[in-house]
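Before any questions on binding or motion, here is one chain by itself as structure tokens, the form predicted alone.
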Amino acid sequence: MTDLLSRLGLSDINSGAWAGGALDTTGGELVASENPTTGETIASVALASLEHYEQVVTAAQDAYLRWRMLPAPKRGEIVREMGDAMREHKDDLGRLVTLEVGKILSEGLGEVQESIDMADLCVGMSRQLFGLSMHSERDRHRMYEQWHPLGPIGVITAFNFPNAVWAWNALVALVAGDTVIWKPSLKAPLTAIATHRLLNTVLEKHGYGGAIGLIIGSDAEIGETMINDQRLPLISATGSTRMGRHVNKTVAGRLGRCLLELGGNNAIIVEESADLDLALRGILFGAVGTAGQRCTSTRRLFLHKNIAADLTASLASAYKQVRIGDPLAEGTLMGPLIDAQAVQMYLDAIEQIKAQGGEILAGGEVVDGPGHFVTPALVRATPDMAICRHETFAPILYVFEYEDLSEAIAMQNDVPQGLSSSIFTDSFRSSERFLSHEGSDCGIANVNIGTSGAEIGGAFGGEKETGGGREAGSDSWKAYMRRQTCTLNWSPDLPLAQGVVFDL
């Protein structure tokens, strides 16, 4: 571990604030990054103060005035170099993700690969910040729209994707011409510091140090200041629905913009015609992968009554075979929950399940020993169980039966959240119905793949209490820019629109 930290420049951590380069936060309250596999402290970081926050924002403002004037394709070229820096250090960064948040190694490496892929995508995006050209109703007039950067933006990330979610936002924002201030989760500060140091080196080489800033501080002090800061026109926040409501209300109160990625209560429907082996594998990764700590983790499962008994039995058997342990070890399929609080939340949910009439078919226990390990829980549920309407950020899967697809879709949609959804079927009509207006009401809808593991080429996000934000691919760059409609008159006259006459 010591060698890993040294290679990533983390052996002498003394700062929780980075205005391009490090600021001295010595004397601030220490926050420990804990290895959830062992419960041991990896390293501690001194939290930043409001004074440090001001320095980070000022640096981002100053860098913005120069960064926005660099042509977008040139900004994209620098982002390409940032992607190359992550390629060079992918193995170490991936191992750090696994060490700090407990993902199995292939997922840790996959997260960094996602950030690398985002950099590649953003290189192309930097040449495609298109505006439209419109025909004017007035003679010898031309109309078009163009897009301008917003300014310094704030990015607040959760522990479960300590590298990739920042990249979804920051790399797109950079090619859009914005600068970025990052407040990471206090549960994963080391990955944030390593990522920032690595990529800021690229920016400094080109004379744009400060274009990305890092501020590690408490929600009560730094977080509240950030969301109330008029200098940050956009706040992108990933976290719980409760947190999102507060952020949205606060930012809207100052007429700022929000991009929210909040809770998910994701479901899979399995039809009688489905390839059950394919469905089993999709369900297992969706529910158990990342120890159920993805916003897209599968929480609910709707099985056609004619296949429910057999598939449920197969799932119960598979759950008992999931290899739980050190996420860095080869063959491990499920690592720990993030901390002791997450384990307690899991245990509280198990008690509520039992009290509400649910039947635990597999798992539902804490694993003895060091670290924060639990067994993935498979639950036979009933539609009236209130807990099924809420997101428990843990590996708990609720199983229901249904008779026809209309019933299954209605049950899937009958929750406040609307992030990811899937159907396993060999019926063309069923798949089309699931993707139609009368089908899934989620931001993501899949056929014959699970709810978890979205590709960066498509815009990522959900509806209802999931927040309505969109990040990563497609035209998500528009969230980080402002639209301007331009009209040019190249005639000697001044005709007014809609035929209005106003002559003296």
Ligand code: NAD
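We number the residues from 1 along the sequence you see. Since the model is a prediction, treat every value here as computed from it, not as a measurement.
Keep in mind the form predicted in complex with the ligand is missing from the figure; the text below concerns it.
Just one listed stretch, out of 125 to 133, 194 to 202, 236 to 244, 424 to 432, contacts the ligand in the model of the complex at the 4.5 Å heavy atom level, and that stretch is 236 to 244. Between the options 153, 214, 171, 419, the residue in contact with the ligand in the model of the complex by a heavy atom within 4.5 angstroms is 419. Only one of 160, 98, 115, 412 comes within 4.5 Å of the ligand in the model of the complex through a heavy atom, and that residue is 160. Put simply, residue 262 is close to the ligand in the model of the complex: some heavy atom of it is within 4.5 Å. A residue is said to contact a partner when one of its heavy atoms sits within 4.5 Å of a partner heavy atom; residue 295 meets this definition for the ligand in the model of the complex. In the model of the complex, residue 83 stays away from the ligand, with no heavy atom inside 4.5 Å. In the model of the complex, at least one heavy atom of residue 391 sits within 4.5 Å of a heavy atom of the ligand.
The three residues 316, 365 and 375 each lack any heavy atom within 4.5 Å of the ligand in the model of the complex. Although the ligand is not shown here, in the model of the complex the stretch 457 to 482 places heavy atoms of 460, 466 within 4.5 Å of it, in sequence order.
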